[in-house]
Every structure is written in structure tokens, then in C-alpha cells.
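Before any questions on how it binds or moves, here is one chain, the form predicted on its own, in C-alpha cells.
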């Protein structure tokens, strides 16, 4: 495996093999599998689970890792293209990335969307510019429009619980957040659930429709897997018979890059906080999912988050096992 960038790059059989490997490594550890291997980790945006889970994954497989972020550089790292570097930063990302990559056998890169121009972010312009600088295998640890590591872990979490694929109802719901957040997680989650073969409802208020390209990608995956995609603004209708609700806030695509217009639109939507009444028409065993971090009492109520429906901790733990499988495939002797 030379790159783990998008679940769409893999067949259903290849994903099934990764999930089988993740479960095997969870149940039967291989502490020498990546002995002597090094993973470079470049974080151009903050992280808790991604950073810790990758470091833990490499350690459990017998390898090592190191972390670089702009805040850690004693010189400061400049990321803007075409800049005259007469300011505080003494290092440019164009030199930093190849050097960082050269110290490891593979590199993980995390770079959020700029959230100024939708077309720019949809094209993954910034992330592609970084990966074009390297020749080592790489892992997308979250880009403007993708978070494949989170999605693989979410898929494993549903498998672990015996949640149905074909015929399972998956609700991806927008939730209130005081800030405009990236599209990477909702875009990846929608595609993942569709590729798994589930019947997916995108529940969102007007103005927060996902971009057409994201919807078309998910519909293509659903057509191939036997799933389906619908959109709704009706909470009661969307939740009827649901096996799972995955809550996540995202930027208004109607006002993408326009902070004030986005804020004005979302400030009327404080009631989009997942609470127990949301589940009145769902299955009794309907589960709550979220990628974390999550704002209590804003995105979801404490009684849901701390209750038996919530599987957010299992999701977070599965980040480590899913990434162990990716690293094993990428850096193990069989690769």
C-alpha cells in the first residue's frame, strides 16, 4: 500500500481485508511486526485522538514515530506559497515536508481546509501540494474533504456491534456548533456508510446541504453496494427506524467562507442538539456516534452522550486498531 488517502480508492474486498486485519491485531497483537520502522507525523492542524492513536499504533506494532507541527519548530514554518520570507518564519513547508518524510518509512499528514473557497477545498489543493513533495508512502490524517482513518474506525465500530450493513439505516445529522467546521468528517462519513451498503439519510437544515460532488460520490458508492442516499430536513421522518445517528456540524455551503452569513444562519438552529426525544421513532437500540471532540450540551445532550446509546469511546479506541491495520499493510513485510 503506497497511500491511504480515501476509502473510495479501495474495493469492498480490500476494506473487508483491512477490517479483518484490524480485528486480528486487536485480538492477537504482533509487537514485532514493524520493528525498526519509523512513521513521520506532520500536523498542520491540531489533534488529540489522531496523534495519540497513531503513536500508540506504531508502538504496539514495534515501530516508532515522531511528531512535527509548526508550533514545535524553533524556526517557525511558513506555509503560504509565493511568499517573500522576510518575517519571523525561517523555514518553508516546501523544504520541511520532504525532509520530515525522509526521516521515516511513511508519513502521516493532517491539514485542514482553508474554508475560504469551496472549489479550492473540494479539489484538495493544499493536501495534494504537500503529497506532491514526497516519495514515501503516506496516510491522510484529515484533509479538506477527507478523513479515511476516522471512517475506517467507524466502519469497524459498527461491525463490532453487529450493526447491519445492507438494510441498516444510518442518519448523518448536522448539529449546532458555534463555529463553522470543515466538511471532511461528514463527507467521509456519508461515503463510508454508503459504501458499507447502508440506507443513509442526510438530515440537515436549509443552507447546510452538502456539495453536489460529495453527494454524487456517495450515491455512486451506494449504487455499487446496494445502499441508498436521501436528504431530509424533517427530524421525525429521518430518525424513523434508524439504527444509528452520527452527529456532526459543518460549514454552510450556501455561505462557504462567509463567516458572518454562516453565523447568522446557524444562530437560529440552537435546537439542533441531539437529545433523547430525537430517538422517539428510532429503533430501541439506536446508537449515537460522533468523531470527537464534541461539545456537551451544544452538539449532544449529556444524557445521550453518557447513556447506553453512545459508542463514541469505542469509535475512538478503534482509531488505533484501524490504523494498526493500515500501517501493517503499508510497512509490514508483505507490502
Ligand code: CP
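Positions refer to the first chain, counted from 1. Here the structure is a predicted model, which is why all the values come from computation and not from measurement.
Form predicted together with this ligand: not shown, discussed below.
Taking the partner from the other structure, this ligand in the predicted bound form has a heavy atom within 4.5 Å of a heavy atom of residue 150. Remark: residue 46 counts among the residues lining this ligand in the predicted bound form, judged by a heavy atom distance of 4.5 Å or less. Within this chain, residue 293 lines the site of this ligand in the predicted bound form, having a heavy atom no more than 4.5 Å away. This ligand is not drawn, but in the predicted bound form it has a heavy atom within 4.5 Å of residue 50. Among 169, 156, 110, 204, the residue placing a heavy atom within 4.5 Å of this ligand in the predicted bound form is 110.
Judged by heavy atoms within 4.5 Å of this ligand in the predicted bound form, the contact stretch among the candidates 142 to 150, 79 to 87, 229 to 237, 188 to 196 is 142 to 150. Interface residues of 312 to 327, taken as those with a heavy atom within 4.5 Å of this ligand in the predicted bound form (partner not displayed), are limited to 319.
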